[in-house]
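Heads up, the chain below is alone and in the form predicted alone; it's given as structure tokens.
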């Protein structure tokens, strides 16, 4: 039927809620809905949902059929809050897109799952302000504990949360200006071993390209580089060292300057996986063979020609150790904060074993 304007008039149709009396469209089914459908009391439904005794098999069957039909899901929020726990932990990473953090995050999640807890994670993007915002937002949501890879060097903002009982473990880097559990790799020792490996293969002009010096891991790896050179009695030129953001443009410029210097380096030690990838691209364009050792393993490193020699740290072990430490805090079995340092290992594949070209 048309009105005088020529528009077609469609008769009103009943809304879904009108067609289906009792439908709770937009609302989750509750235990009261399950009880009504099964013809039992709320206490009976509660016993079935929570696996408690005192319900006959026939009644349990009717309740379970009602649960399945309605799509009921237990609301854990109120239940765990009554116990003083939210059964959730927060994980604050530097960059969720960084391959290094994949196995670390997965390991934390597996430990959390084994303890019946949900993992909520976020990325600080290496911004101390964003880190603080994320951490406090997680605390406001009443997470039981936190695993934090710190971006900043002042964590006194966390003191009220720690006093309130929020378990916290820092991983990969220590906390700043507070006493807290931390799980780290042996960054100093790993870097020293990697540079010593290059020295053992005849190199004396070795460049170091790393992350921003304010970052604990970058500073420790630079310290390891310097220690290895000093142990071998090799003076270090300022032009052989470059620290800054891991942006490919900055890293490429640093590598090219080292390679085109009047006395170019014959080997490069890279401070993390992102730096290593950019340096590999630069070396692929460079005619002269230059040795390379990188801190952190990278995907397909063994398939390149030559394969990439690396100082590998166990990211999964870092995450697992930190998460286990966190749940020990929650269980009340830990008293004083501790520092746990995990070893690194040198993986030789060919690039770190190239001799000096001149």
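Here the structure is a predicted model, which means the values were calculated and not measured. For clarity, a rigid core is taken as the largest C-alpha set superposing within 1.5 Å between two forms. Positions refer to the first chain, counted from 1.
Below, we turn to the form predicted together with a further copy of the same chain, even though it does not appear here.
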The chain here is shown without a further copy of the same chain. Which stretch in 172-180, 125-133, 243-251, 224-232 comes within 4.5 angstroms of it in the predicted bound form, by heavy atom distance? 125-133
Does any heavy atom of residue 162 come within 4.5 Å of a heavy atom of a further copy of the same chain in the predicted bound form? no
Would you classify residue 49 as touching a further copy of the same chain in the predicted bound form, given a 4.5 Å non-hydrogen atom cut-off? no
4.5 Å heavy atom contact, residue 284 and a further copy of the same chain in the predicted bound form: yes
Determine whether any heavy atom of residue 106 comes within 4.5 Å of a heavy atom of a further copy of the same chain in the predicted bound form, and answer yes or no. yes
Of the residues 196, 219, 236, 280, which one places a heavy atom within 4.5 Å of a further copy of the same chain in the predicted bound form? 280
Heavy atom within 4.5 Å of a further copy of the same chain in the predicted bound form: which residues of 94-125 qualify? 95, 96, 97, 102, 103, 105, 106, 109, 113, 118, 119, 120, 121, 122, 123
Return yes or no for residue 289: a CA shift of at least 2 Å between the shown form and the other one, with the rigid core superposed? no
Superposing on the rigid core, does the Cα of residue 49 end up 2 Å or more away between the shown form and the other one? yes
